[in-house]
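What follows is a pair of forms of the same protein chain, given separately as structure tokens and numbered structure 1 and structure 2.
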Structure 1
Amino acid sequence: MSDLIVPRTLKGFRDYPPELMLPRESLMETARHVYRSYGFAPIDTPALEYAEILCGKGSDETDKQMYRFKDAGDRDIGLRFDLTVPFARFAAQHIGSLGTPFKRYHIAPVWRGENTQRGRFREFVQCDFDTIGTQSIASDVEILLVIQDLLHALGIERFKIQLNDRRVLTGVLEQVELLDQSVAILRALDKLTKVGAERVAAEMAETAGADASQAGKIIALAACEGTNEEILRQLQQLTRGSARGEEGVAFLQQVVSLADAAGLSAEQLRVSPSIARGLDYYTGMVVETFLDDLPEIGSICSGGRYDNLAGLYTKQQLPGIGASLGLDRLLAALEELGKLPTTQTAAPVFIAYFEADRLADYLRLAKSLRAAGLGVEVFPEPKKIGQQLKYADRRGFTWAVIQGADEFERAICQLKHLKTAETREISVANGPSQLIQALTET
């Protein structure tokens, strides 16, 4: 009987081999660069929080999905299901020393015990950026500009930022006398693009008691079509007589105008009344971002305004606005679209270990190249050159540096481009300067 443990991962969790982890880390580095360019500063918070910090903040669904347990000290704790709720707790706890407005970014894993599906996992990384302590429309518009710059920096040009305001939905709910059922209605409406109008109407009837007429008016709101200007005119008609609804439409008009003036094209920013966001803490603008080439994978960057969340932890008014790049969903989408590099190495230069008694020379050369800012790997064993080059090609190196007995005697090296197989001789008689120049100028 074997004592071996079967190597396996939990459902909804996954391993990341180098060909996925390298682009994953690159995405995170790009996000950090973009966030910092807007003045967002990094923070971190514990993966575990007291359950009372997390429960009842997102939705009944996130409460059910939370990994919650008693620790060794019999404390009721849970793994964070997003980064926004811990940030609200963090801000309430530290705002005295941070000051307002405070802009933060946070890149870290979160956990939800939800049903796994395409692009959705139970452990995934979010790349959040938020501003807390201001209700200025400048912060709302800035969120949209960050999303645009972030996706462009990631090499994604074909996307739609879909925009709505919870107050527009609230205005319509007032008119159909379902405002007290807003949470259930908004959760149902958030599924419109996924399950269709008939099933959403059925859910509204079941969870909120909406009759066919009421559900029809709400779904008609979500079905508005046309240019941003045309949709906004339709929303003006639908919300007429509701102060909150009219306020939401006016706000959207301002956001669209300011975003256009700041360079966000109407082709990439679309007013979409069907966007509701499933989390209860949103109070104003909400946003979701979809890839034109794979919209069915879901929103890859979502967020909105949450003016009351931090008020659960402090009496100080701390309105917030932010969004989050769903890193692992985006990674899954890029993988499906065939847009991920296939390399398994972060170093572009491979040095073959050809002569067994020349290891010190190979190591010395590698050190010189690294000092010049190049990533270098030296093969650990003096195997046949064909085996080493096969390894280098499989791992995705760009260059191979080859020195055998003849090359050492002539004070040269062979520099081979592994993608094109082009090879040339480089003199190293006066050190590696010519080799460094050849590697860095191409």
Structure 2
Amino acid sequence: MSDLIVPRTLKGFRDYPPELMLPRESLMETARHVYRSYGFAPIDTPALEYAEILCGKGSDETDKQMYRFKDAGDRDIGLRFDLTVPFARFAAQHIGSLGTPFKRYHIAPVWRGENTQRGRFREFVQCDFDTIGTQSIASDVEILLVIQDLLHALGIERFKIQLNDRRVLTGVLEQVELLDQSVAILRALDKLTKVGAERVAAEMAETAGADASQAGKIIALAACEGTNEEILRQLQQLTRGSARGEEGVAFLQQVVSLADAAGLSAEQLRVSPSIARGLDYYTGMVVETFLDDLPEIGSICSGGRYDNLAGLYTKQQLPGIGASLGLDRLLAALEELGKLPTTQTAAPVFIAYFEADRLADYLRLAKSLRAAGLGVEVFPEPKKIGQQLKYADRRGFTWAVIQGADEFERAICQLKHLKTAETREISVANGPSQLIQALTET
């Protein structure tokens, strides 16, 4: 059989076996549940789109990363590399019938043929949520509450939502007349924690022509520290005289106060003037989220406010705000924090197939347990019980139900807890109700 095809996946792609896919599905279910609880509704768009649509706003970087090809009809098409561009196209196409405000979530894979170093994959799932068609601060605050609820629902209490408003930095850059150098400025500023103020100022001088006073003011902005109140006070001073900057600071004050009233306290929400999140897209609030116990994995939920989502495809101005949960990054984090279940099955109950001619009985019992809401697997072959229990252990079932000839005769079953090995006899003389009780009471 030398003509076997070697089973393998493409470089940068991976399979998800049950022990990885179960928590991944559970994360997606939690995200769906939380998004829905705020009135976000699901949409889906095609994985394949016209390359023209996908490239519309693309940088050279995304163009290079896109899987792009000709289909059988010689159309120039590509696989989406994010969910934002398809959403912009979707919104431009359908907003007339959908109406505004429109709140959507979209959980779906995207593809990027990027460098596969550092555990990055070429296929990964994004979990976006956005509200478009409104400028109201209510939507900004809501994004923060969703992030809080998401993390709480995942059992994570120790995190920081870092908040900034793009107008603060933009205002100061206007004031020091360096707005047209903002890309270079931001690139330098990004290194502040790594290389220190002096070297950042030197880079700003070199790449953006910033003098010491200009650089100093910008660095002072990013370096603000303290409580939210203290930082906001410093920002107020630093932006004084810049209408835009003052607007940004006032907005941050309002967001912090509303969030606090809605149960998101300073413990979990931090004004962070150094956060920028790229230059050309966001125009107002920006947000990143870090786990206290694993800050080094980076932001697990990021987003911000934009003035116009779909300008490439429609004249209708669609302002909005949204964020994206980094599902696979969060999954890796939960794994590292030991917060992932280590099972290969979503069913807790294993029924051994002991007596060859009793299959119908096992199937009936399984049916009753399922009707009571329990997940149940019946082993498919009447193999040796030791072999079956080894299988059950390996898969991670919690309970094994065992009925042999003796048990059938006595109208009982053995219920074995597979983690503790504790075994009890349960009567099934009057049906499975006692068994169901034993299985559900813990």
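Source: prediction; values computed, not measured. So that the term is clear: the rigid core is the largest set of C-alpha atoms that superpose within 1.5 Å between two forms. Reference numbering: structure 1, starting with residue 1.
Visitor: May I ask which of the two structures is the form predicted alone?
Guide: Of the two, structure 1 is the form predicted alone.
Visitor: Examine A51 after superposing the rigid core and state whether its CA is displaced by 2 Å or more between structures 1 and 2.
Guide: It does, since the A51 C-alpha is displaced 2 Å or more between structures 1 and 2 after the core fit.
Visitor: Using a rigid core superposition, assess whether T207 undergoes a CA shift of 2 Å or more between structures 1 and 2.
Guide: Yes, shifts by 2 Å or more.
Visitor: So that I can tell if K416 moves, could you say whether its C-alpha shifts by at least 2 Å between structures 1 and 2 after the core superposition?
Guide: Superposed on the core, K416 moves its C-alpha less than 2 Å between structures 1 and 2.
Visitor: Superpose on the rigid core and then read off how far the CA of G311 has moved between structures 1 and 2, in Å.
Guide: Here the C-alpha difference is 3.1 Å.
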